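Below, in structure tokens: the form predicted alone, a single chain.
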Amino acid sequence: MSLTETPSSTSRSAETSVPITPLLDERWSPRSFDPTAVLTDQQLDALLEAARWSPSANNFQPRRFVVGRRGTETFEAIHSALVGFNAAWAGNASALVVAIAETSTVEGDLRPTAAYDLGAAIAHLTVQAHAEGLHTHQMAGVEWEKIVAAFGLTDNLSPLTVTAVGTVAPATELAEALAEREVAPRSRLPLSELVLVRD
């Protein structure tokens, strides 16, 4: 794909070994977001509701979120914590979502599967985003101490990722190095390398 082409869910479909639902094979993680696109209350509520209804061990639901839409102080606080590479493009997203694992209760009861359960919630959020015509991009390149300080997170609340949410824009809106990555072929390890045992 050339840089003059606009990435879209259609042109970025995965080459799967067997057919899977389009909500998954068309989902990808752009860096080029439309800086004028607005995330509506209804869309945002749908994303968070999808995360809310994801499974968790013993239904403990050890996930928490901080959400900031572009133009708000919350968004700016999250964006300012991103490392330079991510900060260079994520400011155009419609919203930034901090995913936080509740690793224990305030009484000290451990939540050993919190990170796994949080990951499931974000996976649900990304699929709902795609169903809403949106795109997401998850990041771990973050100065977490800034997030902890900005939002007063207690010791049992561990931020793990920030997800950019928005409407995809042409790759040409990015700096050249990022634009090349934006249109590079998508790839995954084959199932033969991932599945250790299959009977």
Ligand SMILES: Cc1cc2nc3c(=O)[nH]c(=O)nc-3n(C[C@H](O)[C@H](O)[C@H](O)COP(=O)(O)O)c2cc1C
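Residue indices: 1-based, along the sequence shown. Keep in mind the model is a prediction, meaning the values are calculated, not measured.
There is another form of the same protein, the form predicted together with this ligand; it is not shown, and what comes next is about it.
Site annotation in the predicted complex: the residue of 43, 138, 172, 54 reaching within 4.5 Å of this ligand with a heavy atom is 138. Taking the partner from elsewhere, residue 75 is found to have every heavy atom lying beyond 4.5 Å of this ligand in the predicted complex. For residue 70, no non-hydrogen atom is located within 4.5 Å of this ligand in the predicted complex, even though that partner is not displayed. Within 4.5 Å of any heavy atom of this ligand in the predicted complex lies no heavy atom of residue 63. Although the partner is absent here, residue 85 lies within 4.5 Å of this ligand in the predicted complex, judged by heavy atoms.
Only one segment in the set 150-158, 54-62, 164-172, 26-34 has any non-hydrogen atom within 4.5 angstroms of this ligand in the predicted complex, and it is 26-34. Residues from 152-189 that approach this ligand in the predicted complex with a non-hydrogen atom closer than or equal to 4.5 Å are 161, 186, 188, in the order they occur in the chain.
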